[in-house]
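The data below hold one chain only, encoded as structure tokens and taken in the form predicted alone.
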Amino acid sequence: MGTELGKYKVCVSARSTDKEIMGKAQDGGIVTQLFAFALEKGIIDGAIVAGPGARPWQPRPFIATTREELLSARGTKYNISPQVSWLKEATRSFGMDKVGIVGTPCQMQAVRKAQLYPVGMRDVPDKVALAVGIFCMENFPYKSIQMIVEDHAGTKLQATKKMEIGKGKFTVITERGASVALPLKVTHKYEQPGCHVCLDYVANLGDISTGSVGSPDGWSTVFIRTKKGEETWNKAIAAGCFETKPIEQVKPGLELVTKLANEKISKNKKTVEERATFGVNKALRNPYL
């Protein structure tokens, strides 16, 4: 396995066996099912998830301590949700000893940094019981999502049922079943600039990481990365929570995951290199000076 996919013990294609979870899942319902199982079995006391915010499709991090609260946070919201800011809150205000957290690759990095260098987070290091990372190429500020959906796709955010990024398109699906697919070149200018220095597509530092790429529609690709992740996953499998297939037996499989991971790395390395010379070499070549 190449470094672009990080270290992992096993990779499978999976989906939840729970019809209620799958009813509004983004793909295979992996995160919701994992946390619901972990809550039920006492593996975690609660999970920091991205639930509904004050405005349509604006995520708000909160600590889910019941299955119902987890269900309210189903589905991907393509804008920033400050998950890590709730880690200290979970351990102190909520008194949790075993915290679950889901986040993007950069947020998984932040969780591990908080564990390694707990400046201002001294209660946190040993209390992260399950960190689940989600694949991410880029993210968007809330205003950008509003512009993409309302101005480009011609749909009100309130009337939007689901958003998806895949197959070179940003797709908006309405509550009435209409679908508008925008080419990704339309959305590029709206991306969060900080995303362009990130070299991690598949959340290398999660205990488990998951995303739709590589698996058929309605399924998710799942990397089991750590001993902690493996223990929880195996218990969930034994309890019948997931239907799985070896990643080698599905299309498009790891080949596409690897391709996209490499694309993100090579594209963003250019930005990193540009920033390194910003204000030094660039100024000498600036035609406007």
Partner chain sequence: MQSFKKTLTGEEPKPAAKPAEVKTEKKAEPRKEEKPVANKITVGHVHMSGCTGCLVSLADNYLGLVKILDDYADLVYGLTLADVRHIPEMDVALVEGSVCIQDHESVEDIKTTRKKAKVVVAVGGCASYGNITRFARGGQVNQPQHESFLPIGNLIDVDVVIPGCAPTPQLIRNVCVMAYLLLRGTEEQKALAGKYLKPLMALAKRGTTACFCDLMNDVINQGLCMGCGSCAAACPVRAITHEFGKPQGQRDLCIKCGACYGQCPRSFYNFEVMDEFEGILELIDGAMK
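Please read these numbers as outputs of a predicted model, since none were measured by experiment. Numbering follows the first chain given and starts at 1.
Omitted here: the form predicted together with its partner chain. The next part is about that form.
Q) Since the chain is shown here on its own, which stretch among 70 to 78, 152 to 160, 197 to 205, 175 to 183 would lie within 4.5 Å of its partner chain in the predicted complex, judged by heavy atoms? A) Among the listed stretches, the partner-contacting one is 197 to 205.
Q.
Just to be sure I understand the contacts: of 114, 213, 99, 134, which is the one whose heavy atoms reach within 4.5 angstroms of its partner chain in the predicted complex?
A. Checked against the cut-off, the match is 114.
Q.
With a cut-off of 4.5 Å between heavy atoms, is residue 171 one of the residues that contacts its partner chain in the predicted complex?
A. Residue-level check for residue 171: no, no contact with its partner chain.
Q: State yes or no: in the predicted complex, is some non-hydrogen atom of residue 55 no more than 4.5 angstroms from a non-hydrogen atom of its partner chain?
A: Contact check for residue 55: yes, within 4.5 Å of its partner chain in the predicted complex.
Q) residue 41: heavy atom within 4.5 Å of its partner chain in the predicted complex? A) Close contact is absent here: in the predicted complex, residue 41 is far from its partner chain, nothing within 4.5 Å, heavy atoms only.
(Q) How about residue 226 - does it come within 4.5 Å of its partner chain in the predicted complex, if we only consider non-hydrogen atoms? (A) Although its partner chain is absent here, residue 226 would touch it in the predicted complex, with heavy atoms inside 4.5 Å.
(Q) Given a 4.5 Å distance limit between heavy atoms, list every residue of 85 to 123 close to its partner chain in the predicted complex, or none if there are none. (A) Stretch hits, in order: 85, 88, 89, 106, 107, 109, 110, 112, 113, 114, 115, 116, 117, 118, 119, 120, 121, 122, 123.
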